[in-house]
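Listed next as structure tokens is one chain, alone, in the form predicted on its own.
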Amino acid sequence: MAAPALPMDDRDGVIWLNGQLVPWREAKVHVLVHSLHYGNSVFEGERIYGGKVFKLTEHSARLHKSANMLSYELPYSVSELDDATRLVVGENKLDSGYVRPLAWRGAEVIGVSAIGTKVHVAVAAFPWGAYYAQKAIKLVTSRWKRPSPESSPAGSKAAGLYIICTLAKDEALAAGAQDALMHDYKGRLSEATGANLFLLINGELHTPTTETILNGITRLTVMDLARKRGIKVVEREIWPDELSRAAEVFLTGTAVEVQPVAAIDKLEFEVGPVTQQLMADYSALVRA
């Protein structure tokens, strides 16, 4: 039986916090920070391959974009975040693993308005293996839906938006699946709880538009890999009844990489040649 994983707040190593490396267990914030109460922190997820973070600068830039969409500026530039990430990966001696940059607003005020709060930034890096234990996963359709872009900043990787994902995934796990498939506020196919969705229909890759979802860095990477293979990629509105037309289904994301889907509710899918090819292409690219 495998030993239980260490809790995230009780580990050896260092975390980069507001410009300084601090011992892991000392990287703490006050319980009254604004972002803990109102969900306006922003974060990234990055993978380490061979000691290097894949598409690091794109991730650092997106952290800035996420904060800007929530009306605040980060006190560190993209290049400073890149340097901080390389430093903390090196200090923790990680050849492979995961990086979690996080920015949040401080405890200067307690009201809903965040005006007057100080912005803090941290970067943590730690070992982390495959996101799913299964080679091909099962999804169940969630009752929770992605909100309208008039109700939430869909392009921001904002912590508050992930409460929907937590609710959806926990219900999926309780139902015996590995993740949930989410629809959006119009009932269109959207994504899984933390990964973008692709369907292979008539030899073409179809993926939902980014109206209500994060335009994933891995999503864009896999779309480019597919086009290089001569596969047409179509971004469009996709409706639930179209799942029955799909020959293959997979998810993409930094954590999940390219993840085959074997079933959605009662529909079953082959882990077919296109999915396998893109898995191989992505694996070769990130380890190049």
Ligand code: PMP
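Since this is a predicted model, take the numbers as computed values, not measurements. Numbering starts at 1 and follows the sequence shown.
Quick note: we don't show the form predicted together with this ligand, though the next part is all about it.
Proximity of residue 214 to this ligand in the model of the complex, heavy atoms at 4.5 Å: Close contact exists here: in the model of the complex, residue 214 approaches this ligand to within 4.5 Å, heavy atoms only.
- prompt: Should residue 59 be counted as a contact of this ligand in the model of the complex, where contact means heavy atoms within 4.5 Å?
  reply: Residue 59 belongs to the contact set for this ligand.
- prompt: Is the gap between residue 169 and this ligand in the model of the complex 4.5 Å or less for some heavy atom pair?
  reply: Looking in the model of the complex, residue contacts with this ligand do not include residue 169, since no heavy atom lies within 4.5 Å.
message: How about residue 125 - does it come within 4.5 Å of this ligand in the model of the complex, if we only consider non-hydrogen atoms?
response: The answer is no: residue 125 has no heavy atom within 4.5 Å of this ligand.
field: Contacting member of 85, 142, 92, 218, with respect to this ligand in the model of the complex [4.5 Å, heavy atom]
entry: Of 85, 142, 92, 218, the residue with a heavy atom within 4.5 Å of this ligand in the model of the complex is 218.
task: Using heavy atoms only and a 4.5 Å cut-off, determine which of 185, 132, 72, 162 is in contact with this ligand in the model of the complex.
output: Exactly one listed residue reaches within 4.5 Å, namely 162.
- prompt: Heavy atoms within 4.5 Å of this ligand in the model of the complex: which stretch among 223-231, 240-248, 253-261, 22-30?
  reply: Among the candidates, contact is made by 253-261.
task: Give, in sequence order, every residue of 153-191 that has a heavy atom within 4.5 Å of this ligand in the model of the complex, or say none if there are no such residues.
output: The stretch 153-191, when checked against this ligand in the model of the complex, contributes 157, 162, 191 at the 4.5 Å heavy-atom cut-off.
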